[in-house]
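Listed next as structure tokens is one chain, alone, in the form predicted on its own.
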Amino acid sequence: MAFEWIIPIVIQIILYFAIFLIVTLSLNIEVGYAGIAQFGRVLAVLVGAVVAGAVPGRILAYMMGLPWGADYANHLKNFKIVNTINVELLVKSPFLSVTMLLFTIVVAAILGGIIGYLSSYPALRLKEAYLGITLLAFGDAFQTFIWNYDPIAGATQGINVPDFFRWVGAGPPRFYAATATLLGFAILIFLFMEAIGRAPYGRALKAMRDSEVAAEVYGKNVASLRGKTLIVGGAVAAIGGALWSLYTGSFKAITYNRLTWTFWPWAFMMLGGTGNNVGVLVGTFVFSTVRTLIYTYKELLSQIIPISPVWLEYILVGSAIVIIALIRPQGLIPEKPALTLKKEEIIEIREKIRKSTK
């Protein structure tokens, strides 16, 4: 086929778009809607990834009579254990694979929500930069713990993850199925976030963001709103972390850093428009496309630009954050005001008011 070369590029764009849309949407509800200074997004993402790496494989190993305790995380034994699970169990059982996939997502969401709940305590006492630094420190501290404590997920050597897409086949079919799954979850989460944003709860979050005092005057419990938002955001971010670990088929804590899983989502959100899920979708798609093209044509770019293409995406993301903040802080698609009434009803009320004042 004449355009066969473009398929891997499209698949890669969809992959990055799907996974970062999930994480950025989780950030947007906390930052864009609730006004919480969330600089520790990597914490919930890492929790989800740890769940994918440490929980389902141990359950399946126990079912097969294989080592499932601390030995499961030993890098000298883990590959053999996981390979046995894949070849002798998951390849032959699509139902078990799909069930364990959904189970992993549910457990990741629950633990991510718990992490969000625990984060709500400093969120009630700290504001703005102080809260942001505290949440950032939580993320780094947890990564350091997982990176150095071997029995959970292999520490510095990492751990292999059971392949729940293996029953589809090896090679391209497996990656197509996995990418489609990630995109499906991203669409569902986008619709979920849109429903939240249009609901009274979403309008209450924006009221709290704009003025906590005014929100409290109108009877809104600011502490409860903050707590619920961090729970929802943490659960969604953990789903993203779990899906990424399941897609790659491995887990290593060092790859879940604050740059990729906190500051990039911030850049995506700022480019598209904070407090606007459609804007987040656009911003994520733009950056995902640019990033994929940089990696695809890095050899060509190395002959044109005076620096290594490896650093180009970091320069672009950093520059985008600065330029957006200076020139267009509202992003590509500015946030629209939330209306409690339909447009036709507002026009009708205005007309009645105009007639009554004549």
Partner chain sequence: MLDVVLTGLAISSGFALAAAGITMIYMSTETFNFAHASMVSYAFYVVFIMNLIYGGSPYLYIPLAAIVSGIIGVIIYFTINRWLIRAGATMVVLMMSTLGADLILFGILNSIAEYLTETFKRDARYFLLAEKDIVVGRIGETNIMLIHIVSLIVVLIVVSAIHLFLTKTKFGIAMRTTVENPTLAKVLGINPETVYIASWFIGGALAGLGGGLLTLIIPGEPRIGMVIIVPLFAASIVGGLYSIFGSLLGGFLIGLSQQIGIYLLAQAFGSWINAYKLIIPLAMMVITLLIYPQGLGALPWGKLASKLGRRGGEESGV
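The shown structure was predicted, so the numbers you read here are calculated from the model rather than taken from an experiment. Residue numbers count along the first chain shown, from 1.
Keep in mind that the form predicted in complex with the partner chain is not shown, yet the notes after this line are about it.
Residue-level contacts in the predicted bound form: of 244, 165, 138, 287, one residue has a heavy atom within 4.5 Å of the partner chain, and it is 138.
Here is the short version: of 199, 259, 191, 76, the single residue with a heavy atom within 4.5 Å of the partner chain in the predicted bound form is 259. Listed stretches are 202-210, 97-105, 265-273, 222-230; the contact stretch with the partner chain in the predicted bound form is 265-273, by a heavy atom cutoff of 4.5 Å. Taking non-hydrogen atoms only, residue 133 approaches the partner chain to within 4.5 angstroms in the predicted bound form. Residue 218 falls outside the set of residues with a heavy atom inside 4.5 Å of the partner chain in the predicted bound form. The partner chain in the predicted bound form is not approached by residue 249, whose heavy atoms all lie more than 4.5 angstroms from it. Interface residue remark: residue 67 is not counted as part of the site for the partner chain in the predicted bound form, having no heavy atom within 4.5 Å. Contact residues in stretch 28-64 (any heavy atom within 4.5 Å of the partner chain, taken in the predicted bound form) are 37, 39.
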